[in-house]
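Coming up are structure 1 and structure 2: the same protein chain in two forms, each one given alone as structure tokens.
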Structure 1
Amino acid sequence: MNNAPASPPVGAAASVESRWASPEMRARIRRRYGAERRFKAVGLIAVLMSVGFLAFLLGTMAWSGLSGFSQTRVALPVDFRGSGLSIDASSMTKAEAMAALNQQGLGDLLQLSATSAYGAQGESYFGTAAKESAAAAIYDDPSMLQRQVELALPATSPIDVAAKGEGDAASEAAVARLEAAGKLSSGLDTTFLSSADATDPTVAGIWGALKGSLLTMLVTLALAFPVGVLAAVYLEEYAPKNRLTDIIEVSINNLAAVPSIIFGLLALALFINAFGLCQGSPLVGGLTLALMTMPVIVIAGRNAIKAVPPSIRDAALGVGASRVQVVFHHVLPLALPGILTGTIIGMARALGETAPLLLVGMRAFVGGTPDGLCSSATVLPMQIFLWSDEVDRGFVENTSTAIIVLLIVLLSMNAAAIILRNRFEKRW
């Protein structure tokens, strides 16, 4: 018996073909293809707009902030002969030598030399860091105390800003005179990367805030990662499916969407008012950000654990592994890429937060670097916020430069997430 399907009648096939070839059907097909082309065009425009906005942001920050990594210097001839300045570099540390020179009148000698070289306005050419820079140069070469030398010393903020093209008329005129005399130079501003906040923008630096951010992130990671991962493991592998676990899951999802300032209020009431922990410190800041980051890690961890095929669990149980061995020897290693990616993305979000840290006292002026978890500290976003409120135009440049540092840290964390995901990723 022949079971082959019967072919449609010739007339029916011709009728279907004629319907597809009809003008109405062709018009419908053209409309479908047109809609698809328009959808692709809209998607391409959206991508190009996103790339354009990102390029505009990065370009603006680079244009305003890259000059912050350089420092304008003014040449100053100084005659140290007969000044009475002396140090013993072999038996003194650099800090001791600089303190001794300051006590012996190095600052007065520099002011006198500036007035002699550039007139009455000469003192306004050299910033707060000039004295430290001169003392450091003497410590490196004590023999200059026996002769006349020309030192390239950091300029004041108005001269520095004018040399970079954004100063007032008086400062620009002074810069023009100095450039004509060949007394201006520029170089890498190591002070910005190695010092803490200050009232003078020429000596203010980012290291204090950067160290505070690192200590705060260390506390956040130490608390949020293990608690978040263990919570995800329990909810996904051990928790019974009942009304209580449903409430817990909904609560965690809601916590991930709570405004960050609410966590700041909770931290203020719990860690500072109730427990009496050190206010405005990396410890309290890290605990606050850990509360905010933990729901994100739990959700990412659950999704990564859920993505592990059930066959992995069944195979491990089939060869006699215990439930704990299945989870920690098989499931967690396979879910690790997703967990690490979610953790680092959550940490990157926490690094950029300012609202919760305002409420726990991390917005104060901190003129030094934190020595420990309970020291007074600030973080990079808060330092940017504080500098943006300053009137001195030198802080505008510092603000853009600090934003570049923050973007570099954030991009580094995202790059680390990609590298870790690719390193630990396993296919099945």
Structure 2
Amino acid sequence: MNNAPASPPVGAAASVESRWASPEMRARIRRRYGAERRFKAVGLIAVLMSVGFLAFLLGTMAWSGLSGFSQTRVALPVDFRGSGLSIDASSMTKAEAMAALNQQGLGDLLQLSATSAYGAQGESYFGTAAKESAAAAIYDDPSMLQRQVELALPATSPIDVAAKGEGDAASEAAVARLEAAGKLSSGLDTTFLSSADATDPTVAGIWGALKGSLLTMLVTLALAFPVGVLAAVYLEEYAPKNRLTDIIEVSINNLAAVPSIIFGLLALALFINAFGLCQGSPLVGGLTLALMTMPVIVIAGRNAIKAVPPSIRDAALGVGASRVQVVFHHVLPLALPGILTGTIIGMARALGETAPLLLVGMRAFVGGTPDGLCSSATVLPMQIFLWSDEVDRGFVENTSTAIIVLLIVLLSMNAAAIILRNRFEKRW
């Protein structure tokens, strides 16, 4: 310190000290610390807002969608004696029995019972869902055809919506009357997860869309995974440094950033117009999504392969493995958890994708489950989109419920990816 040339004189040091204590200095420090606190608070607010948006989004969907798992039922006394309905439960399958009952005029009987129980407007309380439910009940217990029973049957959409608090005035009044008479009950809507799309929201379900999604994802996985992994292996392990490799790398990085709707245009021009593949089918949808998912898998795969230390390769080469053996016997197994994580994330993205599928004809109404790769089908996000366009309030609820199902599937896929990464990925 002695030979420091700029050591300040004693008097100056004292004045600095006094200035630190001076009111202006304190005010300035207060101001600076205030700014610090404010800045930190702004950061916290930003984080809380982002998390809050997420919570609000999920909360809104859960709030309006959970009621879709329940259905409103109205009690209906039916006298089957003398109705002429008969089934042979021992020899008929459920579908046959239900068809036979329909043909024998079950619907008319129900409408008749409804008018005699609830007056002229009673007809409007029961629809297709009630008929199916009654037929199923008769199949389970054919002896009821010989007596008078009171069945709790699913109500039509206006009544259902009104019972959940969002209906129009007339239905609200009807619901209030039924409520007062103790005729209303609610139960688990089992048809929602097991039936396909329909024009009546109380009958419509998501099984058709779920199966379509499953088939589409199978095609996507079967194409994108092998091609993606092989391309990643080539680029990371074998590709010579030349112009072709550069072009491949540039196109993979660009494809990962191309808007999804462009893939839809490509699929329309290539698969449907040029190759004439079946329009609106899981095959074409899966091909389109495979083109989109492949770059994601290549990029994830390259990172996973890059993370395998060179010592593994050197050791394998040292004991006489060929270059192909090094990769397929040693590098690839070690990189597999990382590759699978990337694949699951890519597949989750493909599962939630709608836009390109709009263009390849998957937006048609499909009132049945797809039974093959070439039959016309819809997928879960597309079903959500189609339902969100419907005017009927019953479909709004269905949309939210379908969104809950989609989000549960996607979140569990992402959770699986995270678990896989944490459990199996080695840090070298």
Partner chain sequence: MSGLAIVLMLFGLGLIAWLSGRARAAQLERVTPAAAVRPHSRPQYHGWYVALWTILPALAFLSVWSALSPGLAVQAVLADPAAASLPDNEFVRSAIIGEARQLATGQIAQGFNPQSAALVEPFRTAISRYSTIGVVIALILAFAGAAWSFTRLKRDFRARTRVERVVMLLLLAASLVAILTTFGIVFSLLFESIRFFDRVPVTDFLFGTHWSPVSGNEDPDLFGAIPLFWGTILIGAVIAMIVAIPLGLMTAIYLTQYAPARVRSWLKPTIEVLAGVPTVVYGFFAALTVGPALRSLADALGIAGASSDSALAAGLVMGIMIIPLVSSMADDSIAAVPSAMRDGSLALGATPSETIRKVLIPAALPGVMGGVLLAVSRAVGETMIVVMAAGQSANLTGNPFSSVTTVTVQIVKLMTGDQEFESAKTLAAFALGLVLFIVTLMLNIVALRIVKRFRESYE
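Quantities reported herein were computed from a predicted structural model and do not represent experimental measurements. The first residue in the sequence of structure 1 is number 1, and each one after it adds one. Take the two forms, find the largest set of C-alpha atoms that superpose within 1.5 Å, and that set is the rigid core.
Where's the form predicted alone, in 1 or in 2?
Structure 1 is the one predicted alone.
Tell me, please, whether between structure 1 and structure 2 the C-alpha of residue 63 is shifted by 2 Å or more, with the rigid core used for superposition.
Shift of 2 Å or more: no.
Once both forms sit on the same rigid core, is the C-alpha displacement of residue 371 at or above 2 Å between structure 1 and structure 2?
Comparing the forms between structure 1 and structure 2, which are aligned on their rigid core, residue 371 does not shift its C-alpha by 2 Å or more.
Looking at the two forms, how many whole degrees does the smaller rigid part turn against the larger between structure 1 and structure 2?
About the hinge, the smaller body moves through 21 degrees.
Following alignment on the rigid core, what Cα displacement (Å) is computed for residue 419 between structure 1 and structure 2?
Rounded to one decimal, the shift is 3.2 Å.
How much does the C-alpha of residue 30 move between structure 1 and structure 2, in Å, when the core is lined up?
Residue shift at the C-alpha: 10.9 Å.
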